[in-house]
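Presented as structure tokens, the chain that follows is alone, the form predicted alone.
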């Protein structure tokens, strides 16, 4: 990138917030996937007007733009495939307002998810989304798989949320987010159901949902996840278990008691060896530390992973688990199984060492089958990680040729120059180079 353009960018954000030396940009070349590609510059805006200025410079010079939050993306969405400018939103980290009366929050994209949740809790409110990376990931990154805004530096007027949601930064950069908050529950119960067989834990999910009781949270972990997580966080998880469910039910006290008892009975009917109920808030939090600790535990198994988020109808969670176990044997590759089973959002995570060429090839085969099986079951490729670069080769199989062309047409209208996060989703061009 020439000195003139770099100077234009420095004039917009200040000289300390433009990087172009390779040693300064190393962390911006990758995200939480195995892929990497270097940007030509990194710019850190502090306001909407600065973002607009950056986009105008990029549009004028036909320079690719890739928005970035904390880099925890698991689909390659934050990787600058075509080089150009990475727009790092870390400085835009203000919670502008929490409106308790109207139950909304207005935040900038660099706000850490946990920070908003904590501030909302102080006002008796709840920000429901709870990603495993909530202490690291930004709200802009969470919504990142739903970025919005116009690409030529002009501001949108109408509310195009339903179009922009899920566009993953390919249509614009987000500068502010309005989020809905909900009242904190009066009471809640957190339980851990322990199973000898993972299949019985998965069956519990569909039986519970069919009963009409919808737990606030219903998380699944297999033995591999349990053992690895216990090594990482050491909180006394049942390492002999074939699987476990973490379940939370909230609401009014009488309803919670009744539903918790019914869910406990369902767990036992489906084969649970034991159902433990947290007796204190500290005990409940320790159980959620276990689920969030899975992200830290992968390295106990292998150095590389394909962290998928295949999502199927809730009634088919047992079948997806069964298929994943079959793939593990078929390809002789570890597939760690965890997931937000209550909404069908599963995470069959394929573990391998890319230095072992044979294992890497088998991992690729398993990955391909995970995607195809998910679609065969009437599911979707992504429940929360996004399509990005990693799942783009499979997108047409989900949308069909007509739906795929519609995506390309929307991209062409809103980003005619093709500078917004190029190479992702509907303009995927093949292997990373």
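In this text the structure is predicted, and so the values were computed from the model without any measurement. Numbering follows the first chain given and starts at 1.
Beyond what is shown, the protein has a form predicted in complex with a small molecule; the following relates to that form.
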query: Candidate stretches 320 to 328, 244 to 252, 132 to 140, 348 to 356, one within 4.5 Å of the small molecule in the predicted complex by heavy atom; finding: 132 to 140
query: Position in contact with the small molecule when the complex is considered in the predicted complex, options 117, 267, 337, 74, heavy atoms within 4.5 Å; finding: 74
query: Every residue of 70, 169 and 173 near the small molecule in the predicted complex, heavy atom within 4.5 Å; finding: yes
query: 4.5 Å heavy atom contact, residue 371 and the small molecule in the predicted complex; finding: no
query: In the predicted complex, residue 377 touching the small molecule (heavy atom, 4.5 Å); finding: no
query: 4.5 angstroms heavy atom contact with the small molecule in the predicted complex for residue 362; finding: no
query: Heavy atom of residue 295 within 4.5 Å of the small molecule in the predicted complex; finding: yes
